[in-house]
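Take a look at this one chain, the form predicted alone, written out in structure tokens.
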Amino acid sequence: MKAVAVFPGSRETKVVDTEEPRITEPDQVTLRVLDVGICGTDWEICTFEYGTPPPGDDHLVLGHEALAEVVTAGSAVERFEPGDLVVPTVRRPCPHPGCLACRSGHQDYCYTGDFSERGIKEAHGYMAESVVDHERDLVLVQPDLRDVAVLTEPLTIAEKALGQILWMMRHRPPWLDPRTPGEERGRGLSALVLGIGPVGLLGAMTMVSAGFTTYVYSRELPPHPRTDLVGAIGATYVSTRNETFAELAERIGNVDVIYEAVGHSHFALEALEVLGTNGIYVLTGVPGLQAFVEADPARLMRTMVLKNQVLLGTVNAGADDFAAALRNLDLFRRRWPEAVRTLIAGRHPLERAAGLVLGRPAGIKTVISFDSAGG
């Protein structure tokens, strides 16, 4: 079968012919891959910032944002049958008995760092015609989400963050009004999303759906397809070229939540200055090497203490977050059908994958399609 792989030793990314995987354990399923999204992580792996092949291999098959169809199921598989659509989770648990997170099925909180991640670290990914995975690592997709389910994995970033935000809100009075409907838990609160890429836009959709008055802050000047999408979902777009952080904070009032989706340390540090009283700041970006930034840590610490602020880093996601992402994708599709359609810039054949990973993205989310119906 064909797959797209990166070779760290020779610093190459190319389409390869590789052996088709087979079921070796009774709780495994064979999957026909349909769609795989391309993201910044893939670009960083292909520019050799990180990415580790499985032990004994000289290459790593790319791809961690996937949608697939079940082809065959092992004898112990109970939840899936041929024809089912699924999205796979990414992280696999470490082997250490003492890691409470991994032993309890929460490997996204792994203590040891010895986890593996499909398409990223020590495990081949999904940018291949066929893969084998364990039943426990798959989440069922309803058929009418076929066209957008490839967005599930990037949306899990916002779902995991929102889950932690709401947990803290429930335990940090006076945030939540008990009379607020469950689907609008953020009503009366403000959220500032930094960045207008796929993670930022999906995060904005999540915040709007949860009832937050949502602002999105990035460098693009309207009119622009991404800024138009922000308006279409009921959020407010502000360009960094038109307003400073201080001006934006004055417009918003108390900034209750900041959701960072840019991976730029200087920008993120500036935003921390405008986080409001009792505010929660969520970091999702992983910056590469950047220029030195001067800061006043004593003032930042003093402000965070006196304003009861929380700084939260979040990475990867668990099965519950994948299930929540699918529920929200269904909600988004019904609420903003045109906006959700525009999130996927195009579907392309496997042969174009290497160039697309390394090239400049055209549109919001580029997808590699293995389905003959893909365009």
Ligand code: BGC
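This is a predicted model, so every value here is computed, not measured. One rule holds for the numbers: they count along the sequence shown, beginning at 1.
Beyond the structure shown, there is the form predicted together with the ligand, which is absent from this document and is the topic of what follows.
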>> Using a 4.5 angstroms cut-off on non-hydrogen atoms, would Val315 count as touching the ligand in the predicted complex?
In response: yes
>> Is it the case that Glu117, even though its partner is missing from this view, gets within 4.5 Å of the ligand in the predicted complex, heavy atoms only?
In response: yes
> Would Thr41 count as a contact of the ligand in the predicted complex, using a 4.5 angstroms cut-off between non-hydrogen atoms?
Replying inline: yes
>> How about Arg91 - does it come within 4.5 Å of the ligand in the predicted complex, if we only consider non-hydrogen atoms?
In response: yes
> Are Arg185, Glu260 and Tyr281 jointly within 4.5 Å of the ligand in the predicted complex, each by at least one heavy atom?
Replying inline: no
> Residues in which of 33-41, 342-350, 52-60, 304-312 have heavy atoms within 4.5 Å of the ligand in the predicted complex?
Replying inline: 33-41
>> For a quick check, can you give me the residues of 56-74 that have a heavy atom within 4.5 Å of the ligand in the predicted complex?
In response: His64
